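Just one chain follows, in the form predicted alone, and it is written as C-alpha coordinates.
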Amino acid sequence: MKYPGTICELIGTQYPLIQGGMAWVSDASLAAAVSMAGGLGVIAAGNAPPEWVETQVKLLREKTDKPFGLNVMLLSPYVAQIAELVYDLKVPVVITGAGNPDAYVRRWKEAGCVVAPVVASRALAMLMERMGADFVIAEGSEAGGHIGELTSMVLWPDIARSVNIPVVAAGGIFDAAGVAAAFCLGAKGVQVGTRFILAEECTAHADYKERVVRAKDIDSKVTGRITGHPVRVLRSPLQRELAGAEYGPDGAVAVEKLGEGSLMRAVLHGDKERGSFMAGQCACMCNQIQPASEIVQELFDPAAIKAALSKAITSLEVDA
(Lines give C-alpha, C1' and ligand atoms only; values in the text may rest on other atoms or scores of the structure.)
Protein backbone atom coordinates (compact mmCIF):
# COMPACT_ATOMS: atom_id res chain seq x y z
CA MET A 1 0.00 0.00 0.00
CA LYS A 2 1.37 3.42 -0.97
CA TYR A 3 1.00 6.55 1.16
CA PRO A 4 1.11 9.57 -1.17
CA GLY A 5 1.22 12.95 0.51
CA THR A 6 2.79 11.61 3.70
CA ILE A 7 6.26 12.08 5.17
CA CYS A 8 7.59 8.82 3.71
CA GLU A 9 9.70 10.49 1.03
CA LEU A 10 11.05 12.99 3.53
CA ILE A 11 12.27 10.36 6.01
CA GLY A 12 12.83 7.51 3.55
CA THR A 13 10.45 4.95 5.04
CA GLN A 14 7.82 2.56 3.72
CA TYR A 15 5.22 3.69 6.25
CA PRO A 16 4.53 7.20 7.62
CA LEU A 17 5.45 5.94 11.07
CA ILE A 18 7.93 7.15 13.67
CA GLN A 19 8.73 5.08 16.73
CA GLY A 20 8.63 7.30 19.79
CA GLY A 21 11.92 8.23 21.41
CA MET A 22 11.57 6.88 24.96
CA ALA A 23 14.63 7.40 27.17
CA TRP A 24 16.39 4.13 28.10
CA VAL A 25 13.67 2.21 26.19
CA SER A 26 14.43 3.31 22.63
CA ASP A 27 17.84 1.80 22.00
CA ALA A 28 19.53 0.28 18.94
CA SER A 29 17.70 -3.03 19.31
CA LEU A 30 14.21 -1.53 19.15
CA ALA A 31 15.05 1.20 16.65
CA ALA A 32 16.68 -1.21 14.20
CA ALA A 33 13.69 -3.55 14.38
CA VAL A 34 11.23 -0.74 13.60
CA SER A 35 13.37 0.62 10.77
CA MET A 36 13.67 -2.84 9.21
CA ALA A 37 9.88 -3.20 9.48
CA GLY A 38 9.35 -0.09 7.36
CA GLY A 39 8.97 2.66 9.98
CA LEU A 40 11.50 5.12 11.34
CA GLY A 41 13.23 3.58 14.33
CA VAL A 42 14.44 6.14 16.86
CA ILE A 43 17.21 6.00 19.46
CA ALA A 44 16.49 8.23 22.47
CA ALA A 45 19.50 10.11 23.84
CA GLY A 46 17.63 11.19 26.97
CA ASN A 47 20.13 12.06 29.69
CA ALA A 48 22.60 9.41 28.52
CA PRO A 49 26.24 10.38 27.95
CA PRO A 50 27.53 10.86 24.37
CA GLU A 51 29.51 7.61 24.52
CA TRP A 52 26.33 5.58 25.04
CA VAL A 53 24.55 7.40 22.22
CA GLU A 54 27.43 6.91 19.78
CA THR A 55 27.60 3.20 20.64
CA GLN A 56 23.87 2.79 20.03
CA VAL A 57 24.04 4.52 16.65
CA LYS A 58 26.91 2.29 15.58
CA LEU A 59 25.09 -0.84 16.77
CA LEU A 60 22.01 0.15 14.78
CA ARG A 61 24.06 0.73 11.64
CA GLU A 62 25.58 -2.71 12.05
CA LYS A 63 22.07 -4.18 12.03
CA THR A 64 20.55 -2.24 9.14
CA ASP A 65 21.18 0.43 6.52
CA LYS A 66 17.60 1.70 6.80
CA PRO A 67 16.94 5.32 7.87
CA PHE A 68 16.66 6.03 11.60
CA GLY A 69 16.28 8.95 13.95
CA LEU A 70 17.88 10.23 17.13
CA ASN A 71 15.74 11.90 19.77
CA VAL A 72 17.68 14.71 21.46
CA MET A 73 16.35 15.94 24.80
CA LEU A 74 17.36 19.58 25.01
CA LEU A 75 17.28 19.56 28.83
CA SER A 76 20.05 16.96 28.93
CA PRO A 77 23.31 18.04 30.61
CA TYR A 78 25.08 16.58 27.57
CA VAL A 79 22.99 18.34 24.93
CA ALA A 80 25.85 20.32 23.36
CA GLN A 81 27.93 17.17 22.93
CA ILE A 82 24.97 15.17 21.64
CA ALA A 83 24.18 17.95 19.15
CA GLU A 84 27.71 17.78 17.80
CA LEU A 85 27.50 13.99 17.64
CA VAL A 86 24.41 14.33 15.44
CA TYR A 87 26.53 16.37 13.01
CA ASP A 88 29.53 14.06 13.12
CA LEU A 89 27.51 10.87 12.64
CA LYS A 90 25.26 12.43 9.97
CA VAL A 91 22.12 11.14 11.69
CA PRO A 92 19.36 10.98 9.01
CA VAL A 93 16.56 12.38 11.20
CA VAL A 94 16.97 14.32 14.43
CA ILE A 95 13.95 14.75 16.67
CA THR A 96 14.08 17.26 19.51
CA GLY A 97 12.07 17.63 22.68
CA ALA A 98 11.91 19.60 25.94
CA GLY A 99 13.24 22.88 24.63
CA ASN A 100 14.14 25.11 21.69
CA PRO A 101 16.67 23.63 19.20
CA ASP A 102 17.48 26.96 17.51
CA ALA A 103 21.14 26.82 18.53
CA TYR A 104 21.67 23.58 16.62
CA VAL A 105 19.32 23.53 13.63
CA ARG A 106 21.60 25.27 11.13
CA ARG A 107 24.53 22.96 11.82
CA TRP A 108 22.32 19.86 11.60
CA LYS A 109 20.98 21.08 8.28
CA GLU A 110 24.54 21.49 7.04
CA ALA A 111 25.05 17.79 7.78
CA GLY A 112 21.97 16.90 5.72
CA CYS A 113 19.80 15.99 8.73
CA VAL A 114 16.02 16.16 8.60
CA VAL A 115 14.95 18.12 11.70
CA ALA A 116 11.65 17.47 13.49
CA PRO A 117 10.86 19.07 16.87
CA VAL A 118 8.17 17.67 19.16
CA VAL A 119 5.66 20.43 19.95
CA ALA A 120 2.69 20.76 22.27
CA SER A 121 1.25 24.09 21.13
CA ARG A 122 0.43 26.07 17.99
CA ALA A 123 2.83 28.88 18.86
CA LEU A 124 5.76 26.50 19.25
CA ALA A 125 4.91 24.72 15.99
CA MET A 126 4.87 28.02 14.11
CA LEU A 127 8.19 29.02 15.69
CA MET A 128 9.75 25.71 14.63
CA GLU A 129 8.52 26.25 11.07
CA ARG A 130 10.17 29.69 10.94
CA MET A 131 13.32 28.14 12.38
CA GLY A 132 13.58 25.74 9.44
CA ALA A 133 12.13 22.48 10.79
CA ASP A 134 11.23 19.96 8.09
CA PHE A 135 8.17 18.80 10.00
CA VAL A 136 6.80 18.88 13.53
CA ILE A 137 5.51 16.14 15.79
CA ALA A 138 2.37 17.34 17.56
CA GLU A 139 2.18 15.36 20.78
CA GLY A 140 -1.07 15.39 22.73
CA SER A 141 -1.23 15.04 26.50
CA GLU A 142 -2.33 11.39 26.23
CA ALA A 143 1.33 10.50 25.56
CA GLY A 144 3.68 9.00 28.10
CA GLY A 145 6.66 10.87 29.55
CA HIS A 146 6.89 14.66 29.29
CA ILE A 147 3.63 16.16 28.08
CA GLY A 148 1.88 19.43 27.31
CA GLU A 149 -1.65 20.48 28.24
CA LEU A 150 -3.66 20.01 25.04
CA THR A 151 -5.23 16.71 24.06
CA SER A 152 -4.58 15.15 20.67
CA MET A 153 -8.13 15.81 19.47
CA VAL A 154 -7.51 19.57 19.71
CA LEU A 155 -3.75 19.79 19.15
CA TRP A 156 -3.43 17.84 15.89
CA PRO A 157 -5.96 19.77 13.78
CA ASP A 158 -5.02 23.11 15.32
CA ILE A 159 -1.37 22.71 14.36
CA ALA A 160 -2.17 21.12 10.98
CA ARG A 161 -4.11 24.22 9.96
CA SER A 162 -1.53 26.63 11.38
CA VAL A 163 1.70 25.54 9.64
CA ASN A 164 2.72 24.71 6.07
CA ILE A 165 5.12 21.90 6.94
CA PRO A 166 3.93 18.32 7.55
CA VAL A 167 2.51 17.43 10.95
CA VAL A 168 3.07 14.04 12.54
CA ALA A 169 0.48 13.11 15.16
CA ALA A 170 1.50 11.61 18.50
CA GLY A 171 -0.22 10.86 21.79
CA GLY A 172 -2.69 8.01 22.23
CA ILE A 173 -2.15 6.13 18.94
CA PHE A 174 -1.89 2.36 19.30
CA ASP A 175 -3.91 0.78 16.45
CA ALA A 176 -5.09 1.23 12.86
CA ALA A 177 -8.18 3.17 13.93
CA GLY A 178 -5.97 5.68 15.72
CA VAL A 179 -3.81 6.00 12.60
CA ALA A 180 -6.94 6.68 10.52
CA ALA A 181 -8.15 9.26 13.04
CA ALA A 182 -4.82 11.09 12.96
CA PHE A 183 -4.94 11.43 9.18
CA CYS A 184 -8.58 12.57 9.34
CA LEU A 185 -7.42 15.37 11.65
CA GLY A 186 -4.74 16.60 9.26
CA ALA A 187 -1.66 14.55 10.08
CA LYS A 188 0.76 13.32 7.42
CA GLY A 189 2.25 10.66 9.66
CA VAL A 190 2.06 9.20 13.16
CA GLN A 191 4.40 8.62 16.07
CA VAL A 192 3.78 5.62 18.33
CA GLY A 193 5.61 5.08 21.61
CA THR A 194 3.86 3.10 24.32
CA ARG A 195 2.90 0.13 22.16
CA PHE A 196 6.54 -0.39 21.15
CA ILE A 197 7.47 -0.94 24.80
CA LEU A 198 5.82 -4.32 24.23
CA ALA A 199 7.89 -5.15 21.16
CA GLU A 200 9.94 -8.35 21.53
CA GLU A 201 13.02 -6.40 20.44
CA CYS A 202 12.53 -3.80 23.18
CA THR A 203 15.15 -4.44 25.86
CA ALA A 204 13.17 -2.83 28.71
CA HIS A 205 12.93 -4.98 31.83
CA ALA A 206 10.26 -7.69 31.80
CA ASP A 207 8.60 -6.11 34.85
CA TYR A 208 8.26 -2.81 32.97
CA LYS A 209 6.53 -4.60 30.10
CA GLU A 210 4.32 -6.50 32.51
CA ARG A 211 3.30 -3.22 34.13
CA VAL A 212 2.16 -1.92 30.72
CA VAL A 213 0.34 -5.17 29.87
CA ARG A 214 -1.59 -5.05 33.16
CA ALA A 215 -2.36 -1.31 33.06
CA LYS A 216 -5.99 -0.29 33.56
CA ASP A 217 -7.62 2.87 32.27
CA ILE A 218 -7.31 4.57 35.68
CA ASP A 219 -3.61 3.75 36.11
CA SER A 220 -2.31 6.69 34.06
CA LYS A 221 -1.25 9.63 36.25
CA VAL A 222 0.50 12.95 35.68
CA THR A 223 3.27 13.96 38.07
CA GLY A 224 5.51 16.98 38.41
CA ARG A 225 3.17 19.74 37.24
CA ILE A 226 4.68 22.03 39.86
CA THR A 227 8.08 21.79 38.13
CA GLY A 228 6.68 23.07 34.84
CA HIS A 229 7.61 19.78 33.16
CA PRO A 230 4.73 17.37 33.84
CA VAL A 231 5.29 13.68 33.20
CA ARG A 232 2.73 10.94 32.53
CA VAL A 233 3.47 7.66 34.32
CA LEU A 234 1.66 4.55 35.46
CA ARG A 235 0.47 4.33 39.06
CA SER A 236 3.18 3.05 41.42
CA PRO A 237 4.57 3.60 44.93
CA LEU A 238 6.92 6.27 43.60
CA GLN A 239 4.10 7.99 41.71
CA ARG A 240 2.06 8.19 44.91
CA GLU A 241 5.03 9.63 46.78
CA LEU A 242 5.56 12.20 44.03
CA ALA A 243 1.89 13.19 44.22
CA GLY A 244 2.22 13.75 47.96
CA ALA A 245 5.43 15.74 47.68
CA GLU A 246 4.26 17.99 44.88
CA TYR A 247 2.20 20.30 47.06
CA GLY A 248 4.31 20.06 50.19
CA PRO A 249 7.09 22.42 51.28
CA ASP A 250 9.58 23.02 48.44
CA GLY A 251 7.45 20.80 46.23
CA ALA A 252 9.36 21.37 43.00
CA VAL A 253 12.70 20.54 44.62
CA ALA A 254 11.26 17.46 46.33
CA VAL A 255 9.75 16.16 43.08
CA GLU A 256 12.99 16.67 41.15
CA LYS A 257 14.95 14.82 43.81
CA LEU A 258 12.51 11.90 43.97
CA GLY A 259 12.40 11.58 40.20
CA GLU A 260 16.15 11.60 39.64
CA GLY A 261 17.18 8.32 38.00
CA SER A 262 13.73 6.81 38.47
CA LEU A 263 13.09 6.07 34.78
CA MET A 264 16.39 4.24 34.44
CA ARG A 265 15.55 2.18 37.54
CA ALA A 266 12.22 1.17 35.98
CA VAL A 267 13.50 0.41 32.48
CA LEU A 268 16.78 -1.32 33.30
CA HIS A 269 15.96 -2.93 36.65
CA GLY A 270 12.16 -3.14 36.82
CA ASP A 271 12.26 -1.42 40.22
CA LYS A 272 8.61 -1.54 41.29
CA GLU A 273 9.15 0.64 44.37
CA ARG A 274 11.49 3.42 43.17
CA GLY A 275 10.99 3.20 39.40
CA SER A 276 9.02 5.61 37.21
CA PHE A 277 7.01 3.60 34.68
CA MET A 278 6.37 6.14 31.95
CA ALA A 279 3.61 5.17 29.51
CA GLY A 280 0.75 6.81 27.67
CA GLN A 281 -2.94 6.53 28.43
CA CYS A 282 -3.30 3.92 25.69
CA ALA A 283 -1.35 1.45 27.86
CA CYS A 284 -4.71 0.16 29.06
CA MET A 285 -5.33 -1.11 25.51
CA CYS A 286 -1.83 -2.45 24.81
CA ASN A 287 -1.80 -5.99 26.17
CA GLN A 288 0.37 -8.18 23.95
CA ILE A 289 4.11 -8.64 23.52
CA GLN A 290 4.88 -9.25 19.85
CA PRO A 291 7.59 -8.58 17.23
CA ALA A 292 8.00 -4.97 16.14
CA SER A 293 7.24 -6.00 12.56
CA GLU A 294 3.79 -7.26 13.61
CA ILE A 295 3.05 -4.02 15.44
CA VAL A 296 3.94 -2.01 12.34
CA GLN A 297 1.85 -4.26 10.09
CA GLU A 298 -1.17 -4.01 12.40
CA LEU A 299 -0.92 -0.21 12.63
CA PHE A 300 -0.99 0.06 8.84
CA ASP A 301 -3.17 -2.91 8.00
CA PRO A 302 -5.17 -1.64 4.98
CA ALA A 303 -8.26 -3.68 5.87
CA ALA A 304 -8.30 -2.38 9.45
CA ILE A 305 -7.84 1.24 8.34
CA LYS A 306 -10.58 0.92 5.73
CA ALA A 307 -12.89 -0.74 8.28
CA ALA A 308 -12.35 2.14 10.73
CA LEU A 309 -13.09 4.73 8.05
CA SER A 310 -16.08 2.77 6.72
CA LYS A 311 -17.56 2.50 10.22
CA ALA A 312 -17.23 6.25 10.65
CA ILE A 313 -18.80 7.02 7.28
CA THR A 314 -21.67 4.59 7.92
CA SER A 315 -22.35 6.14 11.32
CA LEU A 316 -22.46 9.61 9.78
CA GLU A 317 -24.68 8.79 6.82
CA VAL A 318 -27.95 10.75 6.74
CA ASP A 319 -30.78 10.89 4.26
CA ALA A 320 -30.49 13.68 1.74
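We number the residues from 1 along the sequence you see. Computed from a prediction, not measured in an experiment: that's the story for all the values here.
A second form of this protein, the form predicted together with a small molecule, is not displayed here; the remarks below concern that form.
Legend entry - Which of 201-209, 69-77, 86-94, 243-251 lines the interface with the small molecule in the model of the complex (heavy atom within 4.5 Å): Looking at the partner contacts, the answer comes out as 69-77.
Legend entry - Partner contact for residue 197 in the model of the complex: the small molecule, 4.5 angstroms, heavy atom: Close contact is absent here: in the model of the complex, residue 197 is far from the small molecule, nothing within 4.5 Å, heavy atoms only.
Inset, instruction - Consider residue 126 of the chain shown here, and say whether it contacts the small molecule in the model of the complex, taking contact as heavy atoms within 4.5 Å. - result: Residue 126 lies outside the contact set for the small molecule.
Legend entry - Close approach of residue 162 to the small molecule in the model of the complex, 4.5 Å, heavy atom: Looking in the model of the complex, residue contacts with the small molecule do not include residue 162, since no heavy atom lies within 4.5 Å.
Inset, instruction - Look up in the model of the complex whether residue 213 has a non-hydrogen atom within 4.5 angstroms of the small molecule, and give yes or no. - result: Result no; residue 213 lies far from the small molecule in the model of the complex.
Legend entry - Position in contact with the small molecule when the complex is considered in the model of the complex, options 82, 105, 147, 238, heavy atoms within 4.5 Å: When the small molecule is considered in the model of the complex, the option within 4.5 Å is 147.
Legend entry - Option touching the small molecule, based on a heavy atom within 4.5 Å in the model of the complex, out of 283, 43, 292, 278: Partner contact (heavy atom, 4.5 Å) among the options: 278.
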